[in-house]
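First, one chain by itself: the form predicted on its own, in structure tokens.
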């Protein structure tokens, strides 16, 4: 007759699995920020306090906070049923984000919290202790121990709030031994700031805005659609009715690179970042989950670089969209793929139109002809033989020099540095300056002629 045996996971082995779920530092911090937003925090601060032997990270909010009983419950792995319905605006799902995100970045997690009318409370997960005792031994601090904590930022005078503290950091990349911890941390925090400014940009503006800061420096939102920039185009929008609510789809076309303002362009990764990050921007409860890429629905192209499709999904559709524990990836349901394809053509076409219009302007150029051969599908860039200035030169130079000039102009066109031009137009088109090339050419030629005359 069959029987049952206790096959509970070994804590020492299980914790090592949880540490390797696959968070990056920005995605791990974002999971903590989700909890702060769900707890109605208006101000969220990230600190890395100096003066300690080992680096540390604190995430402090002024949200609802937790009572001692609620804190212990929320420190459990998988403290919520992921199939439970969530209220609108709840960014949680699995009840594991706080722990798994923290374990991926630090070997010691301390959570200090205060609910209105309740005392300060704190609980500690220490991976070293879990491994040495092979048990899920959650340490509960008494009020005096909490107040004496060296990294405490959540003062007892605050009505409510929560502070998440990471110690024994494993997220510092120490492959380059010439960099000290502070330098590595500064680089990580800079990357984190850009990530938060983009992925939480919808929370940083508007009537119910939240304030985010890193080491007391306020973060500013990064709008991936450049909606306030000259030349931005708003496209088709629609709401799709689904079993769990509505999916909102909006299409956007960014301004041409020449019209983009310098700071917004740089914050989006420059021209190269614009090209690479074209595509779908999928939000879950206003938090950006997928930042670019067509997810197999269209091909990435230079002409489609300015196209963006915004998709807003409620948390009630998590199961259908297969949202993962990190809330950093998802899968498009087949019906949504079919609907989205209807929206892709318009922004891509508009993006191509912006480039095509600029291309026609370039064709109306008295110095160059662009020859497109439909038969063999080739394109060549040829010096215009109808340029009046060039014709005047041919009229006055001796016959034997005319063939030399023609040969030189032919070689000039053949050796046009197309690869370099393409690369720089993709990466930094605003840096290209052709206005002073005539003076530079004249100076270079006169300098060489002068040197030859001296040598003679």
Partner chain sequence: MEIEIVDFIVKVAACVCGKDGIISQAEEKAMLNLIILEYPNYPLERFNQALDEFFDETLQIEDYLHKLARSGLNPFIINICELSASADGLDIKENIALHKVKLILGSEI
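Small disclaimer: the values here were computed from a predicted structure and weren't measured. Numbering follows the first chain given and starts at 1.
Below, we turn to the form predicted in complex with the partner chain, even though it does not appear here.
Residue 342 is the only one of 228, 76, 342, 209 with a heavy atom lying within 4.5 Å of the partner chain in the predicted bound form.
For the options 258, 366, 239, 299, the residue carrying a heavy atom within 4.5 angstroms of the partner chain in the predicted bound form is 239. For the chain shown alone, residue 192 is not a contact residue for the partner chain in the predicted bound form, no non-hydrogen atom being within 4.5 angstroms.
In the predicted bound form, the partner chain sits within 4.5 Å of a heavy atom of residue 246.
Mapping the unseen interface onto this chain, residue 336 counts among the residues with a heavy atom inside 4.5 Å of the partner chain in the predicted bound form. This chain is displayed without the partner chain, yet in the predicted bound form the stretch 246 to 254 from 182 to 190, 211 to 219, 246 to 254, 126 to 134 comes within 4.5 Å of it by heavy atoms.
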